[in-house]
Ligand code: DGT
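Just the one chain here, laid out as structure tokens, in the form predicted alone.
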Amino acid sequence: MPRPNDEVAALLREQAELIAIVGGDAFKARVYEKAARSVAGYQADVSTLDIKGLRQIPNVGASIAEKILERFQEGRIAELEALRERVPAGVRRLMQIPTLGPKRAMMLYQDLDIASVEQLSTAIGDGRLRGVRGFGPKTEQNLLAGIELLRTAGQRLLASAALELAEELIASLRPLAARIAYAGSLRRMRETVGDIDILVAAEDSAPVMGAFAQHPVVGSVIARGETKTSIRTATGTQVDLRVVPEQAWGAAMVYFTGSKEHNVRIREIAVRKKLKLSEYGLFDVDSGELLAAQTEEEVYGRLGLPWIPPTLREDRGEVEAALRGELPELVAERDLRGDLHTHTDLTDGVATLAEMLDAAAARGYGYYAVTDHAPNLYMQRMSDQKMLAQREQLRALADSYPKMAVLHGTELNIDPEGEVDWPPEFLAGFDVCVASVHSHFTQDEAAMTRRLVRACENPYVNIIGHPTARMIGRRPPVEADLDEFFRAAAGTGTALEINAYPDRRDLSDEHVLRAKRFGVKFAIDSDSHAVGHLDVMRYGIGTAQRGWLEAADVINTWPLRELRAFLRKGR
């Protein structure tokens, strides 16, 4: 079930979009957007708060607080319902296409009677957009790419949402199972999943299957049997529950974790050894004798392999590396000593500086960087004076965290020419500078490559944040010559970020693999805008592991002295 905070945040974001579509007050739309971010990141369950409690949430004023209360008391928000009636649902769907904003979506509806993604795709193919102001050939190309991105994303679920659902189901079924875990692409920590696989070891499957089929998240039961039951949640996600004997647990986890390609490779090894591998165990073909089944280590070991971490099981050379004894010792969340990209309510975060520092210290970090936005992201209204005042506040608070070094940083904006916000003399005062692309995402490959390389060449830029600027399912990665970019990052001593935020996961695992070959160093960061966001590091770790990274590859696993030396960047 979605968290009440996430549900309310989605409603507030929708209201902001609808206000923009109907030509309402742009300031009011931004107010709702800010409130949505604040509600999503707020620690307390908003469904349990009264008006006074809701008013304590940053950016939530009296009017929005009343609407949140109305949602839980009446089951609806009357003003939102009225806005929905003014805007066709298809126009709202059009707005989800990357690069197509509310004004142009409404124009397509009013001028060309286009009210769905399918109609837009057909109109582009028929040439109906040619000659329409603001819709040139490049725009058509971008829209078609965005439509494909939207269609693909609509069929899959972010790993974070899938994991939340899987863990909820597992917690409810655990008392009925000898063992229980999620498997499939979720265990391999892919960015998105098509469905969720849950594996249970139990001698009697009936109680588990019954409880699963009757869980509150179930919208419909697709199929039900003794060893497998499949359900579809009310929001459309399929979950498959499989029950196996406890003695077959290891073999079943290997089999159902996959990937299909990885399983093919290890079955080929089994065949060469005259063995047969299934979800029930590893058997001798001639005698039928069960040779291994209880643990994954036993199964891999009998095949002549060490245990292969699930995040590597994609048939990308892991079997060959295992045979050579060259599997990497993958970086783990426990290796992280700090976080180098976070925000506070000075810009677009929803927690105070002290709240974020307290939360970081509670995680046992040895260092922590606050990196609020720089002035060229104009909507954040940053100034030299505000940033220097934060630095003074941070220095004053530092003594309260004797076990954690507090670093003052900033997230700079890489402009279309590759320049950043502040001059060198101001940048020299920061402990760490992250630089990110926040605009002009559709530059051509040559211009974007120059832009990223120039940012790397800046002696004060330590980390390139969310390097390809993608948003999973919402914005494609920028076009750049990545080999040239990675070569520049390695050569200048600039780390590339693995942004752990679930809808970014940027760099992707494929890009991490590629960048590592150039000798690039990485930073795994949360890009937190609220206390709860600090927990997203697990997704950054998942990406790093899928990219074969070890702790030595990641600068925020290093001791503080080594990190500081890296951050000096030869200056």
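Here the structure is a predicted model, which is why all the values come from computation and not from measurement. Don't overthink the numbering: it's just position in the shown sequence, from 1.
Only in words, not in the display: the form predicted in complex with 2'-deoxyguanosine-5'-triphosphate, which the text now covers.
Heavy atom within 4.5 Å of 2'-deoxyguanosine-5'-triphosphate in the predicted bound form - residue from 236, 304, 131, 194: So the residue touching 2'-deoxyguanosine-5'-triphosphate in the predicted bound form, by this definition, is 194.
Could you work out which of 263, 492, 443, 139 is the residue within 4.5 angstroms of 2'-deoxyguanosine-5'-triphosphate in the predicted bound form, going by heavy atoms? Of 263, 492, 443, 139, the residue with a heavy atom within 4.5 Å of 2'-deoxyguanosine-5'-triphosphate in the predicted bound form is 263.
Interface membership of residue 311, 2'-deoxyguanosine-5'-triphosphate in the predicted bound form, 4.5 Å heavy atom rule: It does not: once 2'-deoxyguanosine-5'-triphosphate is placed as it appears in the predicted bound form, residue 311 has no heavy atom within 4.5 Å of it.
Please determine whether residue 352 contacts 2'-deoxyguanosine-5'-triphosphate in the predicted bound form, using a 4.5 Å cut-off between heavy atoms. No, residue 352 is distant from the partner.
Partner contact for residue 259 in the predicted bound form: 2'-deoxyguanosine-5'-triphosphate, 4.5 angstroms, heavy atom: So residue 259 counts as contacting 2'-deoxyguanosine-5'-triphosphate.
Is residue 422 close enough to touch 2'-deoxyguanosine-5'-triphosphate in the predicted bound form, meaning at least one heavy atom pair within 4.5 Å? It does not: once 2'-deoxyguanosine-5'-triphosphate is placed as it appears in the predicted bound form, residue 422 has no heavy atom within 4.5 Å of it.
Name the stretch: of 179 to 187, 344 to 352, 426 to 434, 200 to 208, exactly one has residues whose heavy atoms fall within 4.5 Å of 2'-deoxyguanosine-5'-triphosphate in the predicted bound form. Among the candidates, contact is made by 179 to 187.
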